[in-house]
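Form predicted on its own, single chain, as structure tokens, below.
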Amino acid sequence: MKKLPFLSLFLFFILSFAQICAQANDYQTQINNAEENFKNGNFAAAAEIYESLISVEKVNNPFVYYNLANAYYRNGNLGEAVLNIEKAYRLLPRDADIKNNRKYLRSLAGAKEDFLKDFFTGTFSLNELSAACFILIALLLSAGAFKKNVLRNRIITVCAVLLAPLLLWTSYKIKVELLSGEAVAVQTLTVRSGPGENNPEIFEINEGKTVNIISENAGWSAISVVSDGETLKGWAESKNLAAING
């Protein structure tokens, strides 16, 4: 294998750095444009820019989702606002502004507070819990490198005590945020007894309400939703639902 000459390597790093700077500058320009549109009352235009950053530029930033939720809310799209504030909340659950806006938007959609669930989902993000578990497992595996038995035993004990609840907590977050199929009604849903408009209507779900998707069939989703302590099930058009983990 031939080695690249120093000049070629230098030019490669210069071009790479220039590309990174250009991307960062383009990102900031789009953010500034979105904020300017929002200030001028062009909420649809602001939302379009934030959506482009997420879908095209693959930006996964809680504050972009937060701003997008605000733009949709001001534009009268409650369902999209709830969807995006929930995405922001999952990335940065302890942020006061995100928590307050989420609580407000969910109340508009008729969602009731679940203090126990909010504690377990709103204290740490899934990324934080996963990182903590990884660090503790790494410490456990490397504990044998410590020569002093007392120190080694203390590390093993502390890591084991902390790891057990963290693994349970992480498992709960995975179940709720990744495996439950949570989705938001981006429009008012007419729920039917079967997949198809020929089936009778059984109830409606408000725009912005969170439901669980059980299965899908030819453009229809079997869903479940908790209402007044009762779990209701039925079928709704998939186009009117947006997965939170999507």
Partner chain sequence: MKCRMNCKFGFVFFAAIFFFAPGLFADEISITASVEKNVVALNEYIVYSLTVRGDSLSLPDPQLGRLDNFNQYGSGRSQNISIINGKKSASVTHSYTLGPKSVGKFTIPPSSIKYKGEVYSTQAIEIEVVKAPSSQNVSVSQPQPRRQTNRAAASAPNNAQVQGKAFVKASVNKKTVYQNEKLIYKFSFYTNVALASNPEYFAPDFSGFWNDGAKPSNRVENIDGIDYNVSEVETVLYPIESGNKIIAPTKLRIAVMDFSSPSNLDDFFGSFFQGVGQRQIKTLESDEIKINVLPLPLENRPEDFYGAIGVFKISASLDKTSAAVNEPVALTLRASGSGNMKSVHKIDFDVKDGFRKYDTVVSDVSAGVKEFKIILVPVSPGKKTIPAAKLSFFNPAKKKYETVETQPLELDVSGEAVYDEEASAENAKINAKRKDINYNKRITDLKRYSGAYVKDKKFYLLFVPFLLLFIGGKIYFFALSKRGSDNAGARFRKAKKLIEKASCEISKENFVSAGDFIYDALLALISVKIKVSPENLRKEQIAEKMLKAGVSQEIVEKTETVFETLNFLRFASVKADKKELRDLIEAVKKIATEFK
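Just so we're clear, the structure is a prediction, and the values are computed from it rather than from any experiment. Numbering follows the first chain given and starts at 1.
One more form of this protein should be noted, the form predicted in complex with its partner chain, which is absent from this view; the next part is about it.
Annotated contacts: 118, 172 and 202 are all free of its partner chain in the model of the complex [non-hydrogen atom within 4.5 angstroms].
With the partner left out here, its partner chain still marks one of 174-182, 187-195, 204-212, 217-225 in the model of the complex; by a 4.5 Å heavy atom cut-off that stretch is 174-182. Contact between residue 164 and its partner chain in the model of the complex is not found at the 4.5 Å heavy atom cutoff. The closest non-hydrogen atom of residue 127 lies within 4.5 Å of its partner chain in the model of the complex.
Although the partner is absent here, residue 137 sits close enough that one of its heavy atoms falls within 4.5 Å of its partner chain in the model of the complex.
Put simply, residue 141 is close to its partner chain in the model of the complex: some heavy atom of it is within 4.5 Å. In the model of the complex, the residues of 63-102 lying within 4.5 Å of its partner chain by at least one heavy atom are, in order, 63, 64, 66, 67, 70, 73, 74, 91, 92, 95, 97, 100, 101.
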